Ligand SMILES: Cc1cc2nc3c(=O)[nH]c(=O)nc-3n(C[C@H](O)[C@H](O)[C@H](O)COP(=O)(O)OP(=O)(O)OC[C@H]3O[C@@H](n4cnc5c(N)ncnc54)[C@H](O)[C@@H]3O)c2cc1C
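The form predicted alone is given below as one chain in structure tokens.
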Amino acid sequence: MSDYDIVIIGGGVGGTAIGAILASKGFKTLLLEKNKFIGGRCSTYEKDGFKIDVGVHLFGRSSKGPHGEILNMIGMEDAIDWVICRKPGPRWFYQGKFWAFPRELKEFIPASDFSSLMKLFRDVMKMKNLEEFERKSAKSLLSKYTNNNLVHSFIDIISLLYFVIPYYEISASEFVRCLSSLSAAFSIGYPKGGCISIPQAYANAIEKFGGTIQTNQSVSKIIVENEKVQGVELDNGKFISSKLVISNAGIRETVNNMIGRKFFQRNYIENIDKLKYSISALTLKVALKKPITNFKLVTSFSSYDPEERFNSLIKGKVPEEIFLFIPVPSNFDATLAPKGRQLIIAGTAVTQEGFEKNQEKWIKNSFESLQNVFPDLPENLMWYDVSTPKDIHQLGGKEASVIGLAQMMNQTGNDRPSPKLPIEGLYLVGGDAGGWGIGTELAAKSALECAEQILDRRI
């Protein structure tokens, strides 16, 4: 008799979400997390009275997306208290001015290009059959409407915000799915209590329904005999038997290291080796003596050639002007900063290659770019923390990627790895298998698809 019905490796959003679903369905569930805390990239820490997210996050559909779907499924609809990004809504910062999309974009581009962009957005909302776009890029789709350089750099920034890869690599179908769902939901938001509130809600559900969570428990091996999962072995040598194992550790780590390539057919291994991850990020967490903005979200950008810019990053060049995604968590939830203080988080996409050599320049230029957005920042600065690709890798592996497997052409839709691996009883969840969506919503959608396969198996 097995110790557990389900053992889940990894307590990120995908791992805790699948645990919540399956525990609620009566599975005897154990979640093992190697860190001292759950959440992975979606965790939160405390410093000097500030509650600070490890990553830089907002959530595209809040309760109207897969997070809400999971909580509704398990009867915990109110487990996350969302604050929607309205009054004021999101702002863009360009040429020294804050502006709202889309109405004020027309100040910067010809009327014909603005009309073409608006037509693209209207068409996106009506697109149904997306299979034809799976192996085409968002750039190729946009180019049918306009070749305006500012519009292209604007869409490239959206792609980097959503998927952490440039717009000439992102699958047009994934771009359409995410843009249309966000536009329809109109619910970009942030959870009270910080990003940890999301995996914590799922972890609470696991325990509510009789499951167990163990932190500081690192899995070294997934044990397979006779082409069937038997359980897992911890770093300390302890064996835990289980009918099913679900890995949130990433497809390469799971296949190459936890199981071993010898258990898989050659063509499957070759496909795994070809997969590409999203790029990484640099994040500034800025503590301020007093509030300097009432905006909840600002994104700064400039006009540039996306391919030239990305190629220069790969070669190690640091831009002088850094585009920044800037949520202000304490404007969503005042309890995240001490009374009278403010917390700002600013992130930008970076390539892991060559980053450490240029790390100081990246930090300097990013901080100066943030100063350009908020000139009052230096005189009100208390301190700031920095998260680098190395920190992201230590938290979650996956080649320091922000998302997991890149949602690029040939890696979305039917081309995305299935949550069910070709060993009986073995599944994958999170940003490396199944699902669609932005960041944590991709991981939550993956959990929904993985759960569906496991529940179908039970029938």
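Residue indices: 1-based, along the sequence shown. The shown structure was predicted, so the numbers you read here are calculated from the model rather than taken from an experiment.
Not pictured, yet referred to below: the form predicted in complex with the named molecule.
With the cut-off set at 4.5 Å between non-hydrogen atoms, does Arg416 touch the named molecule in the model of the complex?
Outside the cut-off, so no.
Would you classify Ala281 as touching the named molecule in the model of the complex, given a 4.5 Å non-hydrogen atom cut-off?
Contact check for Ala281: yes, within 4.5 Å of the named molecule in the model of the complex.
Looking at the partner-bound form in the model of the complex, is Ile70 within 4.5 Å of the named molecule by any heavy atom?
No.
is_contact(Thr299, the named molecule) in the model of the complex, heavy atom dist at most 4.5 Å
Answer no; every heavy atom of Thr299 is more than 4.5 Å from the named molecule in the model of the complex.
With the named molecule left out here, work out from 44-52, 408-416, 22-30, 429-437 which stretch has heavy atoms within 4.5 Å of it in the model of the complex.
Contact criterion met by 429-437 only.
At 4.5 angstroms, heavy atoms only, are Gly211, Gly425 and Ile454 all close to the named molecule in the model of the complex?
No residue of the spot touches the named molecule in the model of the complex.
Quick one: of Ala249, Leu117, Leu313, Leu150, which gets a non-hydrogen atom within 4.5 angstroms of the named molecule in the model of the complex?
The option sitting close enough to the partner is Ala249.
Using a 4.5 Å cut on heavy atoms, which of Ser181, Ser330, Gln200, Gln217 is close to the named molecule in the model of the complex?
Exactly one residue meets the criterion: Gln217.
Mind listing which residues of 380-417 have a heavy atom within 4.5 Å of the named molecule in the model of the complex?
Contacts from 380-417: Ile392, Leu395, Gly396, Lys398, Val402, Ile403.
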